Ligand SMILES: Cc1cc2nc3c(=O)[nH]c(=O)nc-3n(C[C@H](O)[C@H](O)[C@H](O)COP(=O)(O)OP(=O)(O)OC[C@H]3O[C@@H](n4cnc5c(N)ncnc54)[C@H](O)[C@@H]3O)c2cc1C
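One chain is shown next in structure tokens, namely the form predicted alone.
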């Protein structure tokens, strides 16, 4: 029987292991952490309050449902999902608040009230184009092992090419938004989707507008936090026969330029000629001790990293602004935020602030008198391997964050503002080789989606999955990447047709 080693128990590694096990392949999955899930994780403050401190929502739920269905299992028996009516609440001031909904008509009416009928019509056109883009690119890009621009254009035909041109395929996302909306606030809102790929809206391709359609298809919270989805995948993997080793992989072994196995931190060796590496691509070199193999692997430079983050977690009481589960607070100097990060390499002086109010129910309600867990995130430069945020810089950052929240009408109980903090340095420690970058390479330039590493590495027998490789970051994309890696491996074994 063929044995495959999967290094890393993130969503890509788990989905790859499940796909392989479903096809009768023996799988050993190696991950040193107590909890699998990769960047899906929890943190605990000194009072024992637990927070989702990675991804806080699930989109494209069918990606996960189908993975369970292929295993003859029902995901709803493992995890309870709650579809959110309000996708997110957006605020610029106490009088400038816009909710977007999974219901397109409700969003249209909300935009009309917030801005104007003309802008609502522009929004409807934008939504239709985003929907068409997703339809065109789902199979020809997202679920394709190694997408190629020419092959993709041939596959989508005239109609699909027309939609790419309408989306301004060779323009930046911000350029498209300037043509689409007169209201600067709407440009800010939809420009935010570039950050979901760790990128700047001034440099990211306009095709990222399809993320809006992904959200319109549904945004779900998970009972007990997104970590419970990771636990469900682990449970399914074990049920399908995957062997899970709580070890650290110290070296990918090779002989004469070919993969031969792995060496674990306890001295054990697992022999195999097929490995799926589900870690950040920038960290792969540290596993390839054999220089004859290492030189084949390109690496990320410091200038080619996606966004990192500073996160703040607190349990407190709030007043004034009514929080939804997901909230985004915008500053006026939006361009400056990305200039600070990508050009100056510093924490933005006036950041946009995301808050996940983790105890808010689907309707935004909260048990009266109850303290609530707040997870706050701002974008930051990916310099955690060579820079440290000083105490004074962190105090300035926090002051800027809470000043914006107060300007928008959100009051947070001051005595209970005890913050559990994570920084680019924290993320670099958790994910070595990244500098704290959370999304692999940034998606900058219209060709960048085609330059991500694909399922097959340049080394025979070594396959890749995870958010830093094709099709990109985010839970659904990382899960698809694992399935693509498993598919490529099985093709090379002759188990399925190419």
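Residue numbers count along the first chain shown, from 1. The shown structure was predicted, so the numbers you read here are calculated from the model rather than taken from an experiment.
Keep in mind that the form predicted in complex with this ligand is not shown, yet the notes after this line are about it.
Under a 4.5 angstroms non-hydrogen atom cutoff, this ligand in the predicted complex lacks residue 78 among its neighbouring residues. Interface membership of residue 141, defined by any non-hydrogen atom within 4.5 Å of this ligand in the predicted complex, is ruled out. In the predicted complex, residue 279 approaches this ligand with a heavy atom inside 4.5 Å. In the predicted complex, residue 56 approaches this ligand with a heavy atom inside 4.5 Å.
The listed set 67, 30, 27, 462 contains one residue whose heavy atoms approach this ligand in the predicted complex to within 4.5 Å, identified as 30. For the options 38, 435, 471, 442, the one in contact with this ligand in the predicted complex, meaning a heavy atom within 4.5 Å, is 38. Residues with any non-hydrogen atom within 4.5 angstroms of this ligand in the predicted complex fall in just one of 242-250, 328-336, 97-105, 126-134: 242-250. Proximity to this ligand in the predicted complex holds for none of 92, 351 and 412, with the criterion being a heavy atom within 4.5 Å. Along 471-497, residues 473, 474, 475, 476, 478 each place a heavy atom within 4.5 Å of this ligand in the predicted complex.
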